[in-house]
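The chain that follows stands alone, in the form predicted on its own, written as structure tokens.
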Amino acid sequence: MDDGLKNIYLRDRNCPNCDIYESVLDLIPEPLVIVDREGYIVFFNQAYENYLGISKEEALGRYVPEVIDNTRLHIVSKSGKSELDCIQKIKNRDAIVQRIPIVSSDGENLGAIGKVNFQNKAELKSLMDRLRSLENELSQYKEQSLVQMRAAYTFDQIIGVSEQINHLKEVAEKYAATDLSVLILGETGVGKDLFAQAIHNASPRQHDPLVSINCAAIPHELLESELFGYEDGAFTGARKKGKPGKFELADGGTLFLDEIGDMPLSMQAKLLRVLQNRQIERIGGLSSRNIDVRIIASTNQDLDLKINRKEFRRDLLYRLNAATIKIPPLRERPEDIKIIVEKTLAKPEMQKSIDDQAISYLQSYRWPGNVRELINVVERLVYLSDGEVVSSAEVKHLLVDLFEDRGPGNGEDTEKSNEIDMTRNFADNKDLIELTSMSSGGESKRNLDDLVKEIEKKAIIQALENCKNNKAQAAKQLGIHRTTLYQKLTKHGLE
């Protein structure tokens, strides 16, 4: 027996820790054998006993080729060169084995360890199958994660036939081809997020993530960690191993900062620094990370007004508005209402139509909630409507019931008050409100549609008189787009 391996020869009772070593090595589930420099077996674990069907006592002290078929362990013990992942036929089965030399600190060969990783090819195939299954599962999770961060809308899915929307789509497509930051302006519900998604989908970054964050919906004290992430132990309650922020998640893609006008000034300064340096630092972190992110921001607020009030940084605005898109409210493009309603009603879960008079009612309403409000109303109409066609009476009733403040009293007086308030929504001209007094003064009650048309016509005539027939000024006074004014002039025969 080689003196150099006496201390690992577990049957040598001069070794005080032999029982511990033997117990530990016997716990290894794969067959394992140790030989000295001459190739004689000094250790043989329980798994090898079971594999070959011989006891330790029979194996210990014997020359390894006499015990294990086709072994080269005695050669490795002398050469000092490892042989890894080798196929060795043992008991007529192709096993996958490792042969590793034992070398002293001064470079002397002491012996070798032999380990059977797979007792036959079937075990290796089973492992490979499991690995492939795990890889496929991981790929699916990655794909699902990317799907969740992908933009759903394209420019083709933004509904509208008005000149304003078609022009905006053309401009936005041109911006999409660049890497400019884009600022999208517009009232609540006009579809700013749809344009953001469409721009991303038409950009060179379309195959990378689109990550969105609503700056108004997240408490100010949490916004920094959401944007920049944090390291392990950065604060009480922080996740172990930390958490990436939205900038890291969007790396290579697009970050959509929705409602940027509500971001606190302290965060605006940090955001500006990131946009300038293209680097972020996690909360509690000691180093910066480079990022490659395109910024799309949106707001329904007047940023110039907020700048004057010292509520928004002018230098940040300059960084964000390299390209600007202003989406007009729905009241300035009533021609889009019909197609939006028809597309909504054509969904498989709805499958209804609507009559022309009902569309006319919907086009007369000012829609303070814009497209989002219109779609919500149409969906409610579908569930309230009894027939296959949504009628003008149902639209009229719902608009009166949902959107206008009820006057004092109840019953017929309440309905009359609702009609009066509703006309105020259609035409913001106090001088014309006296027309509605006929509904409560004993005269015959007029149809709501007739009343609205009459007020609208008189409002247009008065605006044109006030502006000396300047249509652009008249449209501005009425709070509508010039295109809309031309349509209403035709509608009322006032060309």
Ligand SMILES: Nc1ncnc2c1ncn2[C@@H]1O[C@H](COP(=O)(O)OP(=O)(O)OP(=O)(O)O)[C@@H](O)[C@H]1O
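Worth saying up front: this structure is predicted, and the values here are computed from it rather than measured. The first residue of the shown sequence is 1; numbering continues from there.
Although not depicted, the form predicted together with the ligand is the subject of the following passage.
Trainee: Should residue 190 be counted as a contact of the ligand in the model of the complex, where contact means heavy atoms within 4.5 Å?
Mentor: Output for residue 190 is yes: heavy atoms within 4.5 Å of the ligand.
Trainee: For residue 259, is any heavy atom within 4.5 Å of the ligand in the model of the complex, or not?
Mentor: Answer yes; at least one heavy atom of residue 259 falls within 4.5 Å of the ligand in the model of the complex.
Trainee: Is there a non-hydrogen atom of residue 158 within 4.5 angstroms of a non-hydrogen atom of the ligand in the model of the complex?
Mentor: Residue-level check for residue 158: yes, a contact with the ligand.
Trainee: In the model of the complex, does residue 194 have a heavy atom within 4.5 Å of the ligand?
Mentor: Residue 194 belongs to the contact set for the ligand.
Trainee: So which of 354, 371, 320, 399 reaches within 4.5 angstroms of the ligand in the model of the complex, heavy atom to heavy atom?
Mentor: Looking at the other structure, the residue within range turns out to be 371.
Trainee: With the ligand left out of view, which of 382, 180, 375, 359 would have a heavy atom within 4.5 Å of it in the model of the complex?
Mentor: The residue from 382, 180, 375, 359 that makes the contact is 375.
Trainee: Pick from 91-99, 181-189, 245-253, 202-210: which stretch has a heavy atom within 4.5 Å of the ligand in the model of the complex?
Mentor: Contact-bearing stretch, as computed: 181-189.
Trainee: For the heavy atom contacts within 4.5 Å of the ligand in the model of the complex, list the residues of 267-300 involved, in sequence order.
Mentor: Residue within 4.5 Å: 300 only.
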